[in-house]
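Next come structure tokens for two forms of one protein chain, structure 1 first, structure 2 second.
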Structure 1
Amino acid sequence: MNRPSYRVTELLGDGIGAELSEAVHRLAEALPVQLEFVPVDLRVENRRARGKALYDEAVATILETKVALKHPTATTEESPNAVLRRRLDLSVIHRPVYTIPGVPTNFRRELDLDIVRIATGGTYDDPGRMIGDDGAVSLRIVERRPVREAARYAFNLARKTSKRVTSASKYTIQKATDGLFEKVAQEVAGQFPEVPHSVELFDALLGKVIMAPEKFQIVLVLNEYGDFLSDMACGLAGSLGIGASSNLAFDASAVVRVALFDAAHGTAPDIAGKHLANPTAIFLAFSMLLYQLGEIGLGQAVKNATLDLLREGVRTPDLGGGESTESFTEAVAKEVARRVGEKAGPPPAA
């Protein structure tokens, strides 16, 4: 039987990016699918040498493959993340935040939260302006299209994972902007009658997530709220940089057109080339990419194998373990292969 085949744009990065790329390729070898990685070199020296032409190549390649895995890049003259979001119209960010074994945290509860954030609008798209010497104003914009796209993505995710959706805003105060957000969320919820949906005021949500995190699974929020909630949730989980996220663009039917997946941490130049890089975040980003390709079981296997090994103490030095980048990767790859093999069952008798 031929293995399913997929093409994936791989955006190469700075610092530990090369080691993370090697780790992902080794993990991909353990999967019963064929992944063709199409590289685009976004390292600083290449960006300085090629400028706009390099981003043109990156955008064209991503539009062709539809999915991309991005390694950490240094922000120098520009932010590659910001350039790609703008060029690809990446309007929604999906950030799963959950307790990761081995990451120290003061929060004693288990956290497992999918934050679906509209990545455009709010006050972030308006720089604001002064009114005389003693006042300032910023225009807040909420548009129906990105809200509808984010809501449909959130409810589709809930349908696939049997989770429930909470939309959160300040609709009682920001009646025009947040009111439009909740109106669109309710309209989309009506298209998914099997998905439980509740509404929370955003300030109350922040407290409730801390007091009873198990009550929240997928949270749909506007731009600023998603920024605040993501950082708070990551702080509860113990690290702002261990997780992964997807950046999404949609077609006219609000179906995902392009998806870019990346790790939340930076380039870590101080440990580059020392075999100390922790590939956990890029593995979690890779698992999300597999979900997007429709390989739900493989995405779950990669995520669960990575987290279970951390739970068992198989960790890199930053999490108090003794594994190198390569030995941790090898352990995850072997565990994924074992789990996928068990699920597939024994080969047919001759």
Structure 2
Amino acid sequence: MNRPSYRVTELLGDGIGAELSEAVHRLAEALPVQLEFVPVDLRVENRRARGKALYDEAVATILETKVALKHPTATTEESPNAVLRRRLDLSVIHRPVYTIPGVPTNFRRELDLDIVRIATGGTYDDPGRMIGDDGAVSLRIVERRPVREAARYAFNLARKTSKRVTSASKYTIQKATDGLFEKVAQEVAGQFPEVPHSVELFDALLGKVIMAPEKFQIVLVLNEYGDFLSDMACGLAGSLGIGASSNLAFDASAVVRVALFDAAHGTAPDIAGKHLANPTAIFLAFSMLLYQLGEIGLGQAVKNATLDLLREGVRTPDLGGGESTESFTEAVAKEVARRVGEKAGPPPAA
């Protein structure tokens, strides 16, 4: 039987990027699909040598394959993430954050949040300027289109997963900007009458997520609020190092046009080349990529095998375990192959 085949852009990174790339390739070998990784070398030396031409190549390759897996890159003269986000119009970031039983955390409650964040605007597009010596201003920008795209994505996700959506902002104070955000969220909510939707003030939301995390499922927020909420939620889940995101661009009919998946952590230069890198986040990013390709069963197998092994204590040293990058990867790859094989049933008799 022919195995389904897919092309995926792989953006190679710095530090532990090389080890993570090897780990993903090993895991991909365990899957009953053909994945052709098309590499684009975003390591810092190549960025310095090739400049804009390299980003042109990255953008063209991603537009062609439509899906990309990005390894962490050192932020030097520029942030490759920011450049790609701008050039590919990646307007929405989806970051699932959940507690993993067995992974040490200071927080004793269970958390399971899907944070859907508008990736542009807010206070992050304008670094601001001094007014004389003693004051400074910056513009806060909220635009209807990315808010609508993020809201549609959040409500579609809620529809598919039978979850509820909370939009959160400071609309009582930031009347124009956050008011526009909530207005667009309400308009989109009107197109999804079966999805429960509530509105919270963002500061209150932070307290409530800590006190009653079970009340929140999908949270829709503007850029900087999403930034704050993601790190707080990851801290609560004890998993700053194991978070992953999808970065999405949409066409006019709200269909995902380009999706770039990455780990939340950086290049970890202190442990690069030492076989200590934890590939969990890149595996979870890879799992989201498989969902995007429509390979839902495989995406689930990668996610669940990784989380189940962590739960059973198969962990790298950053999570208190004794596995190397390679032995952890091997364990996940074998477990994924076992689960996928079981689903496919026994091989036909010769």
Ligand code: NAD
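Here the structure is a predicted model, which is why all the values come from computation and not from measurement. Take the two forms, find the largest set of C-alpha atoms that superpose within 1.5 Å, and that set is the rigid core. Counting starts at 1 and follows the sequence of structure 1.
Asks: Which number belongs to the form predicted in complex with nicotinamide-adenine-dinucleotide (NAD), 1 or 2?
Replies: Looking at both copies of the chain, structure 2 is the one that matches the description.
Asks: For residue 202, is the CA shift between structures 1 and 2 at least 2 Å following rigid-core superposition?
Replies: Residue 202: C-alpha displaced by 2 Å or more between structures 1 and 2.
Asks: Using a superposition on the rigid core, decide whether the Cα position of residue 247 changes by 2 angstroms or more between structures 1 and 2.
Replies: No: residue 247 shifts by under 2 Å between structures 1 and 2.
Asks: If I superpose the two forms on their rigid core, does the C-alpha of residue 80 end up displaced by 2 Å or more between structures 1 and 2?
Replies: No.
Asks: If I align on the rigid core, how far apart are the two C-alpha positions of residue 121 between structures 1 and 2? Answer in Å.
Replies: Its alpha carbon moves by 3.1 Å.
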